[in-house]
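First comes one chain, alone, set out as structure tokens in the form predicted on its own.
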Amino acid sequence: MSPSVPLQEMIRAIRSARTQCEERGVIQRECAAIRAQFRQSDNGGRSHNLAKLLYVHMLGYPAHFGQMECVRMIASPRYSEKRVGYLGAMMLLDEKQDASLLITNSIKNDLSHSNQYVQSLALCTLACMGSAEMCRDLAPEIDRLLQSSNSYIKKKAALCAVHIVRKVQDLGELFVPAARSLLSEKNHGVLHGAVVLITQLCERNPETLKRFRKVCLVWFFLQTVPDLVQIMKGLIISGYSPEHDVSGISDPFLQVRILRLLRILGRNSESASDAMNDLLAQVATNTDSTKTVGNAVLYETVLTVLDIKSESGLRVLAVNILGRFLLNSDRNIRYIAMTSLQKIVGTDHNAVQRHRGTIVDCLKDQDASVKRRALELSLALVSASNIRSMIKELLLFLSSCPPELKAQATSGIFIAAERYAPSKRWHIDTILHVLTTAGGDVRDETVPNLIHLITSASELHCYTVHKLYRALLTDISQQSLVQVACWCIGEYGDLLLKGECQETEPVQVSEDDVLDALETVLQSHMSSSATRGFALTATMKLSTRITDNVDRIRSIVSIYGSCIDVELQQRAVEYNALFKKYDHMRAAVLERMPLIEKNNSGNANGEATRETLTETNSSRTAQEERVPPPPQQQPAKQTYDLLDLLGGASEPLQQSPAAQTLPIITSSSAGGDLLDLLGGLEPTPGPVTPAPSATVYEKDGVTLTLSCEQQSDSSLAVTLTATNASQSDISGFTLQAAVPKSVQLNMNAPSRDSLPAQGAAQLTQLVMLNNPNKVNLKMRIRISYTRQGSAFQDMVQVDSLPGLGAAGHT
């Protein structure tokens, strides 16, 4: 191929290459020819060669050797060479390269050129790749061109000034007077540039925002807002203009820019908002919503109305526009409507409630993102007045929703039911329905929370155990449901066997039927280790509630004494010991559970508060006095043999009136004492000193508290507790922690990933630290969450952990 081939021939040769190797050969030969011609001083085809080099650059091949040629062509007096030179500069140069500084003087000279097109080339290049140094040097020239009489130049200069303000914020004050004067122009391009420039000035500099905002005090805003309102009204009522009309809307791009600027000026300013209320109402009522262009203008109008201090009637009008968007066939429009409604549901709840039916219908949409937004908005609309109808719709959605949304749906239903449940029976039925439908997608705290709810509703024990027994016979694949059913059968099996229940139709259940159901759970391959623990404990509890099948229960328990699951085997060995050596204690140990107190995180996990522990110890002592002595006094050595078997103890054994039937709880010792293994409650008679804590983060209603508890000489347990005191719910709440490299960190799973508003519940997360080198302990915590559709992230550093020495050593 000849070195002097035209650009079209080079493109044709490159496209005709059959392999990448052939293409590289063509480009290498052409680049060599271009490089050779660049060295010639009398080169007459410089613009032609640079154009070919720019095409090579667009293909991704190196073209840096053409940078100096761009500088030389920009300095050329010929317009054709300047045009290609400036184009090459915008493509091959950036502010990080020293060669860009060489064109500063050429740009300055061209900004004063008599030809407007040469001035335009210089303005476009400066706006594209101007560095901070170039912006400082050329800002006075741009300010001069903003006052030019040529509309074409003023439009380009305004956009160049926007780039300068972004690069060097301090230069914004230089363009304030000129930006204000541009609003009196009739040319739409100049108006668009002026509005963009004023918007940038207000966003970058709060002082400039105040300067533009003050009504009747500073002439800037006194003239600015009426001018913007007048321009906007002119666009609305103007007739057909072929130059600016887009689908029947007059210059929608300028309208959108003006609305965005009004939103910035009216935010947190009542006087500024009052000046634009009438205009916004006129735009909202007169804009055609049948075309996408009109919907774009209406959407910006809605955002402006909702962001400023507008009148209540205008806000209702904005919400109604979003309601119309929900009926649009375009899924993108429905999505942005629900995103906007999600942000205002906390402040304009009643207005959004009017469109509840349309929002619920969006749950049936085929688009996954629309379904997710509709689910979030539906959960936010649940209130005490509509809890029954909304939960009915959400349960219907849960039965057919995508797998990736089931966890979010179940969590939202549980929170709403706990907050607004009209009755405990309805609350229990709702949670059982969720467990039956999506039991594998519920959170870990669901089981203890439901157990606490059932325990507190003493009048519904018979109804609940009958319903759970029928559910257990129907399906044992839902592990959470099976765990709760086993717990209830173990606690209230006697009510199930009586068959007398006023709330439901009576069903005659025999002892063999109940034991068969529990044995099915124990033997099923679908049952997890925790579920088998529930079933085994329930079987053991039934030994004090039935009379004819105790030997069968003893046989079932003894089988699992050699189970491969160590924790299940340990539980079975303990139960065998109760059957044989300590049969006189079995009735007292396996009594019904008392009411379980919820801990601080809102989860009934069986760990009673310190006050409850004291009360339990007192009632235990009183009940021990009423327990008749065994027929034959057991020697003291046998008592200590049992204590030794279950983990050892230095105190005399106290008989417990109840044992918790939650599954195996891992103990730090080989077994732990009897009360720990069967109930998770430590019989500590004395007061427990609380772990030292400190608030390490408090912002926007989110509070993070850190408490420490020494585990050993080198290990430390740190509990992070987060609460949300704001008016809106928080989802996707995550904590990440970092410590010095020599410290080993292990973060357990959090108790939840959402924080309801007004501190309705809190999140806890345990962090285990191992500091073998005794270094100074510091912790950096990253907090991430989503509120009203917006993601937030923050970081806090803890230089000293509470309860440790001044140096922070463990």
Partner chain sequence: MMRFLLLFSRQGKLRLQKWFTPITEREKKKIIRDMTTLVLARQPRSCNFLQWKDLKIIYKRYASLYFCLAVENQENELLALEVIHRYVELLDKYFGNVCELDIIFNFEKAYFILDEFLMGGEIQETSKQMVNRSIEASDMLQEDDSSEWYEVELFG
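Every value quoted in this text rests on a predicted model; they were computed, and no experiment measured them. Residue numbers count along the first chain shown, from 1.
Keep in mind that the form predicted in complex with its partner chain is not shown, yet the notes after this line are about it.
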Counting only non-hydrogen atoms, the one stretch of 53 to 61, 779 to 787, 758 to 766, 28 to 36 within 4.5 angstroms of its partner chain in the predicted complex is 53 to 61
* Can any non-hydrogen atom of K186 be found within 4.5 angstroms of its partner chain in the predicted complex? -> no
- prompt: For P252, is any heavy atom within 4.5 Å of its partner chain in the predicted complex, or not?
  reply: yes
- request: Report whether the minimum heavy atom distance between N295 and its partner chain in the predicted complex is within 4.5 Å.
  value: yes
query: Taking 4.5 angstroms as the cut-off for heavy atoms, does K774 touch its partner chain in the predicted complex?
result: no
Partner-free chain; cross-checking its partner chain in the predicted complex, the single residue of R180, R532, H355, R263 with a heavy atom within 4.5 Å is R263
Its partner chain in the predicted complex has a heavy atom of only one listed residue within 4.5 Å, and of R470, K96, K364, K498 that residue is K96
Restricting to 115 to 130, the residues within 4.5 Å of its partner chain in the predicted complex through any heavy atom are N115, Y117, S120, L123, C124, A127, C128
